[in-house]
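In the form predicted on its own, a lone chain appears below as structure tokens.
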């Protein structure tokens, strides 16, 4: 398998975000587009992930968190985020990215202070998990590009998606 040079990937992603900033009037619209693009990638990427990782069905949200952090992020971005800040109910956690490869060489201009530069990742996670019957809310709560010490993605389990098969089919 051919791996893309990480610097080329980072610069290509930067060019994409730059173009979106030119095409849309405000950061909110750019953030929505990045999430939508990520979602569409995640919907397709899950098949590749399942085929290459040999991971079976996760039994709970904690197991899902481990698979995302230790296998998926490592496989596609070459990093292993830490899993922290579990909610008491076990339905919410944070992924802490000490190093976000998407933001190498990036400085946010002052006029884009509400841009969520790596929002594509939230969409990818949401889209991929939806394909395995998990509805989740995914958002950035900290970002090194905005002066935070770490990048933190918060994931919340919303519900299990039931297959809506026609009556009599299983």
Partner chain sequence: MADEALFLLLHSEMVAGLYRAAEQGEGENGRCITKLENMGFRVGQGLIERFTKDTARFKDELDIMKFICKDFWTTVFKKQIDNLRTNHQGIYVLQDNKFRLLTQMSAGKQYLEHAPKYLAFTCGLIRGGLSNLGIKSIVTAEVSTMPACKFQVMIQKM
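Positions refer to the first chain, counted from 1. What you are looking at is a predicted structure, and each value in this text was computed from that prediction instead of being measured.
Keep in mind the form predicted together with the partner chain is missing from the figure; the text below concerns it.
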| item | value |
| --- | --- |
| Residue contact check: residue 40 to the partner chain in the model of the complex, 4.5 Å heavy atom | yes |
| Proximity of residue 71 to the partner chain in the model of the complex, heavy atoms at 4.5 Å | no |
| Contact label in the model of the complex: residue 86 to the partner chain, heavy atom within 4.5 Å | no |
| Partner proximity in the model of the complex: residue 23 to the partner chain, non-hydrogen atom cutoff 4.5 Å | yes |
| Sole residue of 62, 52, 139, 112 within 4.5 Å of the partner chain in the model of the complex, by heavy atom | 52 |
| Heavy atom within 4.5 Å of the partner chain in the model of the complex - the one residue of 150, 158, 11, 161 that qualifies | 11 |
| Stretch 33-71: residues contacting the partner chain in the model of the complex, 4.5 Å heavy atom cut-off | 33, 36, 37, 40, 41, 44, 45, 48, 52 |
